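Take a look at this single chain in structure tokens; it is the form predicted on its own.
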């Protein structure tokens, strides 16, 4: 059983298809990242999985429970950190977490210690007595994440967990999400932030206009781009013409350009396999390689490859 499974899941807002017959699965014990720009369908999917929205058609199950017909069971096994922090405006962070811990069944003898630890870890301890309406955007976002860290559900869902949070705070949140997985939770994270996806993901699902266009590990997604790796080569010999021709015929080579007399740039697939073959050719030709520099495609490059658009562009 997959912790999350959807089949031809579709959601319409009027004539707009937010999700288009989405088939999606999440494996137990992994961190899956949903990557896509605003309007790609990420939040819609999360709200359906958490039973906030109902699908127009198709099926979705969470821990084996149907999100429509067994919504109460679904809510018992998952926790969600919403994109926009939720809290009664006159309640204080410590009160919000105490209430959340109570309704989620955290044992009474563990609540106080756990809440204090999490508030301190997320740098909210000094703000524990502030009214929710007086929290900064970053503080409110950290509090939203703190609810899940208190609850420790079997399935944890995070919608842009570090938006509005400073760089130091982002790393703290990401480390806590990783620890949550290590402690036994399965995790789904939606983001449009490349660094967050790279730091967290066991696998990445790219959503574009409500459609799943790719799903794999980060390295496999990068390797799927033909000629995506760039290898900069510098030789001791000035004449690299013979080497350039030989490398151009090497399996995995997309193209080779000559930057200077002793400097080549090769666009290749899977540089980790290509570079050893390159060094063997150079050895056979008696050409000494002075330096090798490999640049992989970025996650932005991956998104552009699969969608034809930059990640920062809004889906239309």
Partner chain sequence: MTEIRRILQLARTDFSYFFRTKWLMAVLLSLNLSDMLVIGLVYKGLMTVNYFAFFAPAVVVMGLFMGSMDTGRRIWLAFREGVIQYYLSLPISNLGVVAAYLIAGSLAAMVYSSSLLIVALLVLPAQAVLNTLILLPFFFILAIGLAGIAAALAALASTHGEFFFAYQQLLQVLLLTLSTVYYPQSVMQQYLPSALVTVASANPLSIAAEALRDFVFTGIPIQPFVVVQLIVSSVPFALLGAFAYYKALQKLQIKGKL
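Note that the coordinates shown come from a computational prediction; the quantities given were computed from them, not determined experimentally. Positions refer to the first chain, counted from 1.
The protein also exists as the form predicted in complex with the partner chain; that form is not presented, and the subsequent description refers to it.
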Practice prompt. Look up in the predicted complex whether residue 287 has a non-hydrogen atom within 4.5 angstroms of the partner chain, and give yes or no.
Written response: no
Practice prompt. Examine residue 128 and determine whether its closest non-hydrogen atom to the partner chain in the predicted complex is within 4.5 angstroms.
Written response: no
Worksheet item: Does residue 76 reach the partner chain in the predicted complex, with heavy atoms at most 4.5 Å apart?
Response: yes
Item to complete: Report yes if any heavy atom of residue 147 sits within 4.5 Å of a heavy atom of the partner chain in the predicted complex; otherwise report no.
Response: yes
Response to the item:
Heavy atom within 4.5 Å of the partner chain in the predicted complex, from candidates 141, 222, 100, 212, belongs to 100
Practice prompt. Could you work out which of 281, 250, 270, 53 is the residue within 4.5 angstroms of the partner chain in the predicted complex, going by heavy atoms?
Written response: 53
Discussion item. Counting any heavy atom within 4.5 Å as contact, can you tell me which stretch out of 86-94, 190-198, 174-182, 161-169 lines the partner chain in the predicted complex?
Written reply: 86-94
